[in-house]
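In structure tokens, the next block holds one chain alone, the form predicted on its own.
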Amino acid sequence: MKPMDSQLSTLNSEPKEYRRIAVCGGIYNNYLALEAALEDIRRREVEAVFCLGDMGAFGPHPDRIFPLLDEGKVLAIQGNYDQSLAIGLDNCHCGYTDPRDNYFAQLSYEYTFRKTSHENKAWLGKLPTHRRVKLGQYRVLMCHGSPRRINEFLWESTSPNCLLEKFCRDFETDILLCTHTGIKWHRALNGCGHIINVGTIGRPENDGQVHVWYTLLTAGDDLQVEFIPVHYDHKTLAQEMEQEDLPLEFIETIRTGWWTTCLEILPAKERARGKY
């Protein structure tokens, strides 16, 4: 596919203004969930669709993501996975610290690296790492992990207000959008901004439910934040993962909604909500 010129905006571009946008994160090769999410978004009268990166990981057939992003006119930024694929690094630099988490991350990365075309890796390399827009009166900054590091985990239970307020001040934004953790959350700070982790559409949220999530943002007198569940054909995805000899642990997550890998990075409060 040809690179999309609309993807190449940077922080230096004049922010475009919207009233209603959809934002997703972490597609993780889950092209069936992306297809279902875009179909749902088309019915909700949004002005633009954004993705906060990590097109690859966990799932099958990574090249099936890219035509859907193009067709849906999705404006994307880079995640750590995209950055690693684009410049040919030997791992995803996801930020895990546990050996078991890194073992499974490496299996996933090697599969995705092998199955992603050179053309699509080159396209990932041209994506910006941040994006700014206006949403009504609000300044919005989009990033993957955090504004200061692409693979930083901003968990709800361990991100103090003082840090989040500092991000808003230092990076001159009213709304900070991020992903990377795989679990959505929203916090309105005391009169000085909003932090919204938009969740991921690549795998479920470790709550025993098989659906995934994206986020709708609407500007009015107040900011309206809606987390939208996406139901998709997860059984077919699981079958295709089996056919591609992907780890059974990844497939179990898709079939049950419980995480079986990448668990050790979870803070105690988030982990306590899961099964393992």
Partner chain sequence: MTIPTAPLLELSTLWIQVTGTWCNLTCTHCLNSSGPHNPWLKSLDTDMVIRSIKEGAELGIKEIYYTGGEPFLHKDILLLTAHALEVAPTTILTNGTLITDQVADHLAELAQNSPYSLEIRISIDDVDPEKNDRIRGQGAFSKAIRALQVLHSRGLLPIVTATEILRDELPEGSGMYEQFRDLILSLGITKPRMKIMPVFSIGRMEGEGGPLLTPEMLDGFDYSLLQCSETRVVAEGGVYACPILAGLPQARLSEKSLKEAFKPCDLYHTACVTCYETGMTCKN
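Residue numbers count along the first chain shown, from 1. All of these numbers come straight from a predicted model, not from anything done at the bench.
There is another form of this protein, the form predicted in complex with the partner chain, and it is not shown here; the text below is about that form.
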(message) With a cut-off of 4.5 Å between heavy atoms, is residue 99 one of the residues that contacts the partner chain in the predicted bound form?
(response) yes
(message) Taking the partner chain as it sits in the predicted bound form, is residue 266 in contact with it (heavy atom to heavy atom, 4.5 Å or less)?
(response) yes
(message) Please determine whether residue 89 contacts the partner chain in the predicted bound form, using a 4.5 Å cut-off between heavy atoms.
(response) no
(request) Decide whether residue 148 counts as a contact residue for the partner chain in the predicted bound form under a heavy atom distance cut-off of 4.5 Å. (result) yes
(request) Name the stretch: of 149 to 157, 134 to 142, 106 to 114, 195 to 203, exactly one has residues whose heavy atoms fall within 4.5 Å of the partner chain in the predicted bound form. (result) 149 to 157
